[in-house]
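First, one chain by itself: the form predicted alone, in structure tokens.
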Amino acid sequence: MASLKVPATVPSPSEDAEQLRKAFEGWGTNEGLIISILGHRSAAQRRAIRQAYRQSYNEELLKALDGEISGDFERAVLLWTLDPAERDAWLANEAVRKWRPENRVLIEIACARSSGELFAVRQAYHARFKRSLEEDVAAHTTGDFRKLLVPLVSAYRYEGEEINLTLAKSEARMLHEKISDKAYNHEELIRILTTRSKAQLIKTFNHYNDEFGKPVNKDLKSDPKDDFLAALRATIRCICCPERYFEKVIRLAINGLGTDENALTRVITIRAEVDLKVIAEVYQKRNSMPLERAIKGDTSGDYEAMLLALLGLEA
């Protein structure tokens, strides 16, 4: 369930654009006004505001924002203002340009989106960067990671609920065989994870647990420091239980040595219109603390206010 709160009645896009222009004028920037507008508008409404701003002032809203605000607050506002597919394309490009084996952003985009949403990301990436996402992933990753990530970002999974029980049983055994042999990069293991529908994979993983007595992810923890095994586990978690996966990303971002603002910003902005309310509930259950209190304890100022607005709260 989304956490974003949009007023029952909102001004027209041109009125919102005019108020944003006023926020940029005069002595200093009115950050509170920026948050009160953009932090309470849906993706379609934000898109309309950007169009109205361009038509009225012959300037891109994102460029205007970039010149007025800075730091973590700027990153949160800019990411949020982008269309979801544009945002994912931007994050994917950042991930491939700065790629590290422990980076999970490409897995999140490939596995926590629907097939249609991932296709839209590939289109947005192509339009913005004049290259395909697949070719950039292939160019910037190596070895087993390339073997996993290229088919993941290229996938167009069946989205229906129809499953094949016989196939689930046979592929659960195949997964167990390859994992037991430590053939983690085997083409059949990769094929199953990157092509089967989410419903089919969940049935396969459930059968794995029933037949072999433990979840597949536990069997993929033979070496906790192995980044490729961690990538396989992240793939499975994003497919099966994205709310629990993203709760962990937030928890690690807040509880680590210093706050990982980029990870925190990423999850809040990409999930606020999807399931951030559920993620917040999982966080409170797991940590015995409301997510908003944790955010207030680790952030401040306009950045804190923007994150809380996307959580459906006020600073």
Partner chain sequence: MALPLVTEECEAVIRAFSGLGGLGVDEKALVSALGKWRRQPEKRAQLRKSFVGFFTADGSFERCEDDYIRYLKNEFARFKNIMVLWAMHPWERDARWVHHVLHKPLPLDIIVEIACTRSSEELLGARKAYHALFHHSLEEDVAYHVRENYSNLLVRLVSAYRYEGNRINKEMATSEAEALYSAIKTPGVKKLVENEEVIRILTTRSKPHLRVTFKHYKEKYGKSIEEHLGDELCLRETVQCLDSPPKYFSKVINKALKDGADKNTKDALTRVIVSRADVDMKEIKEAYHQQYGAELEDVISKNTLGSYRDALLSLAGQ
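No experiment lies behind these values; they were computed from the predicted model shown. Numbering follows the first chain given and starts at 1.
Keep in mind that the form predicted in complex with the partner chain is not shown, yet the notes after this line are about it.
Residue contact with the partner chain in the predicted complex: A139 places a heavy atom within 4.5 Å of it. Although the partner is absent here, K221 sits far enough away that none of its heavy atoms falls within 4.5 Å of the partner chain in the predicted complex. Remark: Q123 counts among the residues lining the partner chain in the predicted complex, judged by a heavy atom distance of 4.5 Å or less.
Contact check for E159: a non-hydrogen atom falls within 4.5 Å of the partner chain in the predicted complex. In the predicted complex, every residue of the candidate spot (V150, E188 and R191) has a heavy atom lying within 4.5 Å of the partner chain. Checking 89-97, 103-111, 166-174, 234-242 against the partner chain in the predicted complex, the stretch whose residues place heavy atoms within 4.5 Å of it is 166-174. The partner is absent here; in the predicted complex, the one residue of D83, E74, D226, E134 having a heavy atom within 4.5 Å of the partner chain is E134. Annotation for 188-210: interface residues with the partner chain in the predicted complex are E188, R191, T195, R196, S197 [heavy atom within 4.5 Å].
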